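Encoded as structure tokens, the following chain is the form predicted alone, with no partner shown.
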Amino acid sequence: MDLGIKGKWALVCGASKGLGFGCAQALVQEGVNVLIVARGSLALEQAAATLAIDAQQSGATVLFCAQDITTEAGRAAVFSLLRDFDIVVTNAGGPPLGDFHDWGREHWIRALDANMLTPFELIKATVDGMAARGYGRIINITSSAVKSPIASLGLSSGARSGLTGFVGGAARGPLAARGVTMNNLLPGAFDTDRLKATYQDAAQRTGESVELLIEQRRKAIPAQRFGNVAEFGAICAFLCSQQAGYINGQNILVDGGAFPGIF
């Protein structure tokens, strides 16, 4: 299927690895020009080099900018390279796990800055240009914890739920009639460094082995496996497509069937 987005420009955050990289790669394979952003310069350069191989086949352009997108200075640096984007994929690493008794105001502010306020600022900075051009796609990578909260992930689910509420209203505003859609992707357990780090932390707290905890989680998923970044990226690319123009304001759960509800 031709997704009809060849030649568009996308900003993809947290794209040096994991789910962000999967989204960037899927877009590049569709001929979308990308500006990828992450804090670690070495990993980002390596990601850009990998994407450049796909870009040779699709004709896309790959730019990269090593910045902390959660800061005002980082966003200014990114927008100094390129201002107008047709697609924006927001993504930031989740806050640390823990017990809510230990979280103070500073913990919440950091979580909100990364997982709610930064996506809001990126959306605000780009959607008017999208609307003027008659086409725009905002994809926020959030978490399945928004739909099925986990006590130790309270900082993440709290901040991301705030973003979810904002997007639910903004997506149904006047921008929708001008070709701009906003959707959230809610990943469950994917085979990423974040998953491994989560279970390493859990192993330290429980005394169980990392391997045992990971195997228990895998068996609890109806698909009997973890997701991979390529399939996540393909879903993102479709939501960015011309064909997905009637999908708006949705929270799309990608978890192998782990969530037990029907809504």
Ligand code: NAD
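All values reported here derive from a predicted model rather than from experimental measurement. Numbers follow the displayed sequence, beginning with 1.
Just so it is clear, the following notes concern the form predicted together with nicotinamide-adenine-dinucleotide, a form of the same protein that is not shown.
Asker: Would you mind picking out the stretch of 54-62, 24-32, 194-202, 234-242 that comes within 4.5 angstroms of nicotinamide-adenine-dinucleotide in the model of the complex, counting non-hydrogen atoms?
Answerer: This holds for exactly one stretch, 194-202.
Asker: Looking in the model of the complex, is nicotinamide-adenine-dinucleotide within 4.5 Å of a heavy atom from each of Pro119, Arg172 and Gln250?
Answerer: No, none of the three is in contact.
Asker: Given that nicotinamide-adenine-dinucleotide is left out here, which of Thr181, Ser157, Asn184, Asn91 has a heavy atom within 4.5 Å of it in the model of the complex?
Answerer: Exactly one residue meets the criterion: Asn91.
Asker: Is Ala10 one of the residues lying within 4.5 Å of nicotinamide-adenine-dinucleotide in the model of the complex, judged by heavy atom distances?
Answerer: Heavy-atom contact with nicotinamide-adenine-dinucleotide at 4.5 Å: absent for Ala10.
Asker: Even though nicotinamide-adenine-dinucleotide is not shown here, does Gly188 get within 4.5 Å of it in the model of the complex, heavy atoms only?
Answerer: Output for Gly188 is yes: heavy atoms within 4.5 Å of nicotinamide-adenine-dinucleotide.
Asker: Using a 4.5 angstroms cut-off on non-hydrogen atoms, would Ala48 count as touching nicotinamide-adenine-dinucleotide in the model of the complex?
Answerer: Result no; Ala48 lies far from nicotinamide-adenine-dinucleotide in the model of the complex.
Asker: Considering only heavy atoms, tell me if Thr126 and nicotinamide-adenine-dinucleotide come within 4.5 Å of each other in the model of the complex.
Answerer: Flag for Thr126 set to no.
Asker: Within 4.5 Å of nicotinamide-adenine-dinucleotide in the model of the complex, which residues of 32-52 have a heavy atom? Give them in sequence order, or say none.
Answerer: Those in contact are Val37, Ala38, Arg39.
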